[in-house]
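Shown next as structure tokens: one chain only, the form predicted alone.
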Amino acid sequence: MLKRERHQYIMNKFQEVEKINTIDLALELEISEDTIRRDFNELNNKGLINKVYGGAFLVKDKSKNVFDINIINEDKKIIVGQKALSFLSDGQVIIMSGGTTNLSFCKLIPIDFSATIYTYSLPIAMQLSQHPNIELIFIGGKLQKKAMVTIGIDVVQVLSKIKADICFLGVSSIDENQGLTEMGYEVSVVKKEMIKASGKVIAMATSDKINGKMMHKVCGLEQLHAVITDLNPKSPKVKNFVDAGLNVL
């Protein structure tokens, strides 16, 4: 099969499935995994698919509204958000980090909820702007376009002057020994400052983020008031965290 034919075969297959596994496709076409990876790389560079570890997803049509965000694993993130609602009280000063788990949470906040909320996330700011009783403060700075969050010294300086009751912190990865870690250094710095500014820190972690490690440390588990996941607290996947004395919901 020629490369052009393989590319068309891959795009046709995405009409049937949401994700294609590298190994499975290599076996199906009786070719090497390296060939499939090269095909995925070329299609990814053309903007047709999203290449991820072990496979690829189809790039869905982009909405004309940049804030109409496709949320992966939304069902899990809604579960996390529903659990997080119990930490809300009228009159709080809240810091909200970015990420689609927190975005899903914001969509669940009652329309009459009254609080002051600081965020550096454009999508979250847009979502919360629909709440008439929320005093919304968007923290400006250098925009990280992919995540649509602000980063840099301007954000850190604003956060250093805030005294918040609670912070809802999106999690990229969490590990029993390493704590919370991030891929990007600048985001890790901003999150460290959020933690310093907050009386309580609630880590919002879907199950795919648990037992993962990234390059830049944010904080240890001892700095967290609670970790909210989509799992049952008795799940074996979070047993080590519970045994370590962490409040897992």
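Here the rigid core means the biggest group of C-alpha atoms that line up within 1.5 Å when the two forms are laid on top of each other. Computed from a predicted structure; not experimentally measured. The numbering used is simple: start at 1 and walk along the sequence shown.
Below: the form predicted in complex with the DNA, not depicted.
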Contact at 153, 192 and 196 by the DNA in the predicted complex, all three, heavy atom at most 4.5 Å: no
Segment that reaches the DNA in the predicted complex - one of 183-191, 198-206, 46-54, 212-220, heavy atoms within 4.5 Å: 46-54
is_contact(residue 31, the DNA) in the predicted complex, heavy atom dist at most 4.5 Å: yes
4.5 Å heavy atom contact, residue 242 and the DNA in the predicted complex: no
Close approach of residue 249 to the DNA in the predicted complex, 4.5 Å, heavy atom: no
Those residues of 4-32 which, in the predicted complex, come within 4.5 Å of the DNA by heavy atom: 6, 22, 23, 31, 32
Core-aligned CA displacement of residue 54 at least 2 Å between this form and the one not shown: yes
Per-residue C-alpha change between this form and the one not shown, residue 30, threshold 2 Å, rigid core fit: yes
Per-residue C-alpha change between this form and the one not shown, residue 238, threshold 2 Å, rigid core fit: no
